[in-house]
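The chain below stands alone, shown as structure tokens; this is the form predicted on its own.
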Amino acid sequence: MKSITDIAIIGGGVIGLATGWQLARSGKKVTIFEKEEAGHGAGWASAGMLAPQTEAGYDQKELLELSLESLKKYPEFLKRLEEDSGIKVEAEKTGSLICALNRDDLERLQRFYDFRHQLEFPVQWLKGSEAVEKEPFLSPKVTAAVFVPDDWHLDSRMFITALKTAFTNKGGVIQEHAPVTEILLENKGRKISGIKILNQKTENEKEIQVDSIVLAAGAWSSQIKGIPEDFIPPIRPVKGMILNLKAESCQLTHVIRAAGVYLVPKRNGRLLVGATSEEKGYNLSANIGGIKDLLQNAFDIVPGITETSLEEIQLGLRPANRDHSPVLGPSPIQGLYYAAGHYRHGILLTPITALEVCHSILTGDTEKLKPFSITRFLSSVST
């Protein structure tokens, strides 16, 4: 069995690239194995929102805490990323307006506001006229809105490009079109020994010896052979579609959210409208009904989108665990680590995931990652 690297990362998406970059910064010899083109997965098709206060779930305390901490780490993370890549990625603090158009929306908005007020987030309740004054492109039919001032967003594609550059600049190696077909175990399945890679041109497999493996294969993380059934993360693909519009005459200044839609303005004149959520397996085709619904919902809240043009349909497969929280940190198998299942929060959770998974590999300290261990899905596991 050939040895070419200390650490193999399975999956070259935003999480794999960021974790690889942190490990390479620490001096480790790291190779990322990606079945297609690195970086062009769910993160590439995302809107790049950093909005833990808006997206806080009613029963996801640990995930909210992790998300808030990840957002706090972003300034330093982006600073180091620019140093290592030469690419400046800026996060924009535009805040979000969550809008209501009818009575049902208003009831949901009131619950949304009350929960965040209880958490002492600095949210503001606005009358419809106040919301339109704050964002003139809103429909006059808006009856009320909640303003969340601490929401950010960034250009996810620039972010991923910078991560890819920083990783290789620090000595990391990316093997694209090199799917990992199997994780190899030894010591009666208690320890990893290597991986099998498929050469897509020759259809031949080769075995590579590695010391550690980070499973960061996104929606495909449950498909890798060799992992004992009890330790396979219960991750499924959830298709999401975003419409990339050219919006020269509809220049929003805030992220807008309403029932069934969000609109995210970007500095380069793009307006991202998203996002659908479809349980269609690994099918990545664009659904006409989904496009219609997104456009209709966007028009209801921002009528000015009729003056925009459709530039691109962005499609990705969100990696969703049963509880919609990621699986992070070491597995019961020595040398196997998880960084997968981030669902809708991959970009937001990138800094904390990369830093803490790297920290756990280098030091053995997993305290911060315990709520996200694979063991939460198991009835009885000896760790």
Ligand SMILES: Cc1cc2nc3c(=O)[nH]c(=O)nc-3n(C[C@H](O)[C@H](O)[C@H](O)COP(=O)(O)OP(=O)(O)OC[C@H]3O[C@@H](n4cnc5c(N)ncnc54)[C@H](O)[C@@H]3O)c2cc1C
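Since this is a predicted model, take the numbers as computed values, not measurements. From 1 onward, residues are counted along the sequence shown.
Keep in mind that the form predicted together with the named molecule is not shown, yet the notes after this line are about it.
Engineer: Counting any non-hydrogen atom inside 4.5 Å, which residue from 77, 220, 121, 112 sits next to the named molecule in the predicted bound form?
Structural biologist: Of the listed residues, the single hit is 220.
Engineer: Heavy atom within 4.5 Å of the named molecule in the predicted bound form: which of 178, 174, 101, 81 fits that? Just give me the one.
Structural biologist: Contact with the named molecule in the predicted bound form is made by 178 alone.
Engineer: Counting only non-hydrogen atoms, choose the one of 187-195, 237-245, 129-137, 289-297 that falls within 4.5 Å of the named molecule in the predicted bound form.
Structural biologist: Stretch with heavy atoms near the partner: 237-245.
Engineer: So in the predicted bound form, are 329, 332 and 358 all sitting within 4.5 Å of the named molecule, heavy atoms only?
Structural biologist: The answer is no: none of the three residues contacts the partner (heavy atom, 4.5 Å cut-off).
Engineer: Quick one: is residue 46 in contact with the named molecule in the predicted bound form, heavy atoms, 4.5 Å cut-off?
Structural biologist: Close contact exists here: in the predicted bound form, residue 46 approaches the named molecule to within 4.5 Å, heavy atoms only.
Engineer: Can you tell me whether residue 23 touches the named molecule? I mean in the predicted bound form, with a 4.5 angstroms heavy atom cut-off.
Structural biologist: Looking in the predicted bound form, residue contacts with the named molecule do not include residue 23, since no heavy atom lies within 4.5 Å.
Engineer: Quick check on residue 66: any heavy atom within 4.5 Å of the named molecule in the predicted bound form?
Structural biologist: Contact check for residue 66: no, nothing within 4.5 Å of the named molecule in the predicted bound form.
Engineer: Report yes if any heavy atom of residue 33 sits within 4.5 Å of a heavy atom of the named molecule in the predicted bound form; otherwise report no.
Structural biologist: Residue 33 belongs to the contact set for the named molecule.
Engineer: Along 256-289, which positions have a non-hydrogen atom within 4.5 Å of the named molecule in the predicted bound form?
Structural biologist: The stretch 256-289, when checked against the named molecule in the predicted bound form, contributes 262, 275 at the 4.5 Å heavy-atom cut-off.
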